[in-house]
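The form predicted on its own is given below as one chain in structure tokens.
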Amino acid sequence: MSKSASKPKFRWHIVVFLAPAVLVYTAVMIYPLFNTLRLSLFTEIDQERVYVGLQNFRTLFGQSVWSDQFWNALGNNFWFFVIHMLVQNPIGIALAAVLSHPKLRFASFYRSAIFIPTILSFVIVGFAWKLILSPIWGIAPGMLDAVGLKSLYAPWLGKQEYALTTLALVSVWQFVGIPMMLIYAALLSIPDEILEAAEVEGITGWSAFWKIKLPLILPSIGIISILTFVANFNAFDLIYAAQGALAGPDFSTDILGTFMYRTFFGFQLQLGDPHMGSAIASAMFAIILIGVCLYLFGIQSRMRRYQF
């Protein structure tokens, strides 16, 4: 047998089909990422770009003018993430468990109604909830008054201690449909034989969910958790639409996204500094990368051992 006959042919069609996607991904993701990292190593002196190495990072973490803002934004970002983990994801799991019940009527309608806010624009959601919660023309005071709870009302978006939590709950309302749909799909993928065997053993209802279904959907819950982490540490739109670039009141809703935006592009009297803005963006990338690596090499490996 000749060498040409035994040698496998190169599959050019794979290259042809992958090339457009690789080029687009490189243009919109890979190149901007490396260009951002490159910009963070430079600064501008007398309108000339000068290489300064890690000096921008030393400024960001070493000078109180910058570090105070950074740690405030990081703390707010972490709280924003915690609320989504403790409120959004458990509610999504509970809704998926209820809507996956075979005897529930109009389940498709309920799923659609819960998922609809997910497709709405951040700008629409931000301005709509700002109007709803307004103490002047909002409907929230009247609705609470109608049920005898008007004393609980407060200008939540105008108070430092409530503003960030309020916006996080608005974000939960908008995106609870995503974990619901992912968990719903995971629940439907469980083989009927497993559930029938559990039913034979007398495990039904909520007992079957806790003992049978929940352990089987743990990988999906892990994926949802890491997606929640990445999305929340990349958050920007809702805060900007509702509170503006200054993330008021008094930077109480400032997160890494709004902090980076003000620094990179400038706002009002603050001049834009693309190099310091790139340093903040690089720090955001490092935080997200560390979180994802901890999940992949720590939590996910343990979940696989638990599953198998």
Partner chain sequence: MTTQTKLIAALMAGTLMAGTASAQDVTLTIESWRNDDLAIWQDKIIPAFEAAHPGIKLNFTPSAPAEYNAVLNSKLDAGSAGDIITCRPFDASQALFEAGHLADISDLDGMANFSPVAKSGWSTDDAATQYCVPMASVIHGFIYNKDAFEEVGIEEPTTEAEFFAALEAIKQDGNYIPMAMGTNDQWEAATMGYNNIGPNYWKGEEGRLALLAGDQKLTDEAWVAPYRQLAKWAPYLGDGYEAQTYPDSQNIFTLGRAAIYPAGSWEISGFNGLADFEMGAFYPPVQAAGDTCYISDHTDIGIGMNAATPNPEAAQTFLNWVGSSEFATIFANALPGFFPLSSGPVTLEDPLAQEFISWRGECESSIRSTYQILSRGTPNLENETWNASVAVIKGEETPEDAGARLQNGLSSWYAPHQ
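Residue numbers count along the first chain shown, from 1. Predicted model, so just to flag it, every value in this text is computed and none were measured.
Same protein, other form: the form predicted in complex with the partner chain, not shown, and the subject of what follows.
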Query raised in the report: Of the residues F106, W71, W206, W137, which one places a heavy atom within 4.5 Å of the partner chain in the predicted complex?
Result: W137
Query raised in the report: Given that the partner chain is left out here, which of P117, G75, P155, P141 has a heavy atom within 4.5 Å of it in the predicted complex?
Result: P155
Query raised in the report: Non-hydrogen atoms within 4.5 angstroms of the partner chain in the predicted complex: do V65, L246 and P249 all have one?
Result: yes
Requested in this report: Determine which one of 82-90, 195-203, 158-166, 214-222 lies within 4.5 Å of the partner chain in the predicted complex, judging by heavy atom distances; exactly one does.
Outcome: 158-166
Query raised in the report: Closest heavy atom of N35 to the partner chain in the predicted complex, within 4.5 Å or not?
Result: no
Query raised in the report: At the 4.5 Å heavy atom threshold, is F42 in contact with the partner chain in the predicted complex?
Result: no
Query raised in the report: Heavy atoms within 4.5 Å of the partner chain in the predicted complex: does K130 have any?
Result: yes
**Report entry** Interface membership of A27, the partner chain in the predicted complex, 4.5 Å heavy atom rule
**Finding:** no
Query raised in the report: Using a 4.5 Å cut-off on heavy atoms, what residues in 266-289 are near the partner chain in the predicted complex?
Result: F267, Q268, L269, Q270, L271
